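Given next are two forms of a protein chain, the same chain in both, each as C-alpha cells and marked structure 1 or structure 2.
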Structure 1
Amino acid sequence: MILVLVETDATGAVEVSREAITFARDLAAAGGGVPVDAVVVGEVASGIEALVEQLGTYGVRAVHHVAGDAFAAFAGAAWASAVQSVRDVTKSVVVAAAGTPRGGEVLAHLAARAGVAMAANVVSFEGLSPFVVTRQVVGGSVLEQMQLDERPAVFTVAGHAVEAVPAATRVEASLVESRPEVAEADLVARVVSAEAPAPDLSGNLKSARVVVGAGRGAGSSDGFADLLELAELVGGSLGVSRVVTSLGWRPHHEQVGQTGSRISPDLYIPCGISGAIQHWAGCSSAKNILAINTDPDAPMVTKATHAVIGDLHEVVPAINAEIRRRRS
C-alpha cells in the first residue's frame, strides 16, 4: 500500500499534493494495482468531508485524518509522528509527499525514525525490483538515479514532475479518524505565529499558462511597466529572478527559481535574465521558452526554444504594440 501526505488549503488538496497522488497512482498501477491512501494532519479548512470526496476522484481509497490539539499548528516532528502512526496501522511500503518545504521536513523526520534513506524531489521511477527513482539535484540542473532498497520507501515528488490528473474511475473514499498521542519533545519546534503574505498582484504564478520573466536587465524598479503590460496582454503573470527581489525592485512572491516558485507554463518569456542555475531550477519545466536578451551566449538564450537578441526595453514595447494593433 502507498501512503501520501496531503497538504490542504481553503479549496481542498493543494495542486502539488494532487500531483503526488497522481504519481503514487502510477506507481501503484506498476505494482499491480495496490491501493493508495492519503493522510491529512490537523484542521482542514475546506471541510474533511469535501476533501474526502475530492480525493476519491483521484483514486484514493481511504483518507486518514489525524486531529488533536497537538496539530493545531505545524510542527515537523509532530506531523511526522502523525504520519508514522498511520503508517504503522496501514503497513504502507511507500510513503510519499509533495516536494514542498513542509513535505520535505515531515518525511525527513519520518525517514530518520524509520532508519531509511529519503529521496527528495523525485521526477520518475524506473523499476520496482529494485525500486529506482530519478530525482532532481543541484537545484534541478542535474538528474540523479537513486535506489531505495529499504521499506518503507520514503520520497517527495518534485513540483510539476507530473500533471495532477483525476483517476479514470472515481473511488468512494472512506474516512478514518485518529487522535494519537504526541510526545512533548515533538512539539518543541513548532509554528507559533503566521502572517498573511502581501497580495500577489501579478496573478497565480505557479499555475499561470504564460509567465513573463524579468531580470537585472529591467534596469531599476521603474523598468517593469512594459513587462507588466505584456503579462496582461497575454493573460499571464510576472515572474522575476532572485537579483530583482534582492535589489528590492519586486516582491519575493514573484521570484522564480530554487528559492522561489517552480513554474511549468506553456510559454515562459524571460527578459533580461541570464539564466543562472538557481533560476533555471524554477523554470526548466516550461514547455516553450522565448528568451529576450542582449547576450546571445547567455545560458537562458542557449537553452531557449526561441530567442530575440536585443534590449528588452526596445523589444517588449514593440511586441506590446503589435499585439494591440492586431487586436484592434
Structure 2
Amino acid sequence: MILVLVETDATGAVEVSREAITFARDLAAAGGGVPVDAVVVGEVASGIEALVEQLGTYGVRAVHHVAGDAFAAFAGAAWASAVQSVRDVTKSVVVAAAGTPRGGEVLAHLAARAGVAMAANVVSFEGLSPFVVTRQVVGGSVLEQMQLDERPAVFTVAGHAVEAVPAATRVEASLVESRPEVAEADLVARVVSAEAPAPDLSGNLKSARVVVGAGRGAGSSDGFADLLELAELVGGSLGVSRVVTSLGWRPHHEQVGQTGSRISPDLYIPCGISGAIQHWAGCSSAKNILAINTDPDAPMVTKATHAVIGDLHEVVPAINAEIRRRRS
C-alpha cells in the first residue's frame, strides 16, 4: 500500500497534495494496482466528509484522519508520529507527500524515526525493483537518480512536476478516524503563535488571462510601480519569483512556481526573472511568454516565445506609455 500525507485548506486537499496522489496512483498502477490511502492530520477546514468525497474522485481507498488536541498547533514531530501510526497500521511500503515546507519536514521526521532514507523533490520514478526515483537537485539544474531500497520508501513530490488529475473511476473512499497518543517530547517544538496570513488572493492570479511577472530584476520593494501599472493596463495580475517573496518585497500568494501557484494565462510577461526550473514549473503552461530581461542567455528568454532584451525599468514604462498613447 501507498500512503500519501495530504495537506488541506478551506477548499479541501491543496493542489500539490492532489498532484502527489496522482503520482502515487501512477506508481500504484505500475506496482500492479496496490491501493492508495491518504492521511490527514488535524482540523480540516473544508469538513472531513467533503474531503473524503473529494479524495475518492482521486481514487483514494481510505482517508485516515488523525485528530485531537495534540494537533491543534503544528509540531513536525507530532505530525510525523501521526503519520507513523497510520503507516504501522496500514503496513504501507511507500509514504509520500507534496514537496511543501510542511510535507518535507514531516517526512524527514518520519524517515529519521524509521531509520530510512528520504528523497526530496521527486519528479518521476524509473523502476520498481529496484525502486529508483529521479529528483531535482542543485536548484533544479541537475537531476539525481536515487535508489530507495528500504521500506517504507519515503519521498516528497516536487510541486507541479505532475498535473493533479482525478482517477478514471471514482472510488467510494472510507473514513478511518484515529486519535493516537502523542509523546510529550514530540510536542516540545510546536507553533505557539501564528499571525493570520495575508488574505490568499492567488485565485485571481491562477485565473488571470495575462500575468505580469517580476523577479529579482525589480531591484527592491519600490521597483513594482511600473509592473503593477502594466498589469492594470492589460487587465491582468502580478506574479513574482520566490526571490521576491523571500526578500519580503511582495506577499507569498503572488508567487509563481513549484512552491507557489501554477498559472496558465494566454500571455505571461516575466520581467527580471531568470527562469529557474522551480519557477518554470509554475508557468510552463502559459500559451505565450514575453520575457523582458537584460540577459539574452537567461533560461526564461530562451524558453519564451517572445523577448525584449533590456532593463525592465526602461522597457516597462515605455510599454505602458505606448499603450496609453494608442488608447488616447
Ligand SMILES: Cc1cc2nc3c(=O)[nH]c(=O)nc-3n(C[C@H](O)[C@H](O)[C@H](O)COP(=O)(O)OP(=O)(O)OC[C@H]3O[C@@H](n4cnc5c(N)ncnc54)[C@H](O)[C@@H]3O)c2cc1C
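The first residue in the sequence of structure 1 is number 1, and each one after it adds one. All of these numbers come straight from a predicted model, not from anything done at the bench. Take the two forms, find the largest set of C-alpha atoms that superpose within 1.5 Å, and that set is the rigid core.
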Since only one of the two is the form predicted together with this ligand, can you say which one? 2
Once both forms sit on the same rigid core, is the C-alpha displacement of V212 at or above 2 Å between structures 1 and 2? yes
Do you see a C-alpha shift of 2 Å or more at E53 between structures 1 and 2, with the core held fixed? no
Does R262 count as moved between structures 1 and 2, where moved means a C-alpha shift of 2 angstroms or more after fitting the rigid core? yes
Per-residue Cα shift, A321, between structures 1 and 2 [Å; core superposed]: 7.9
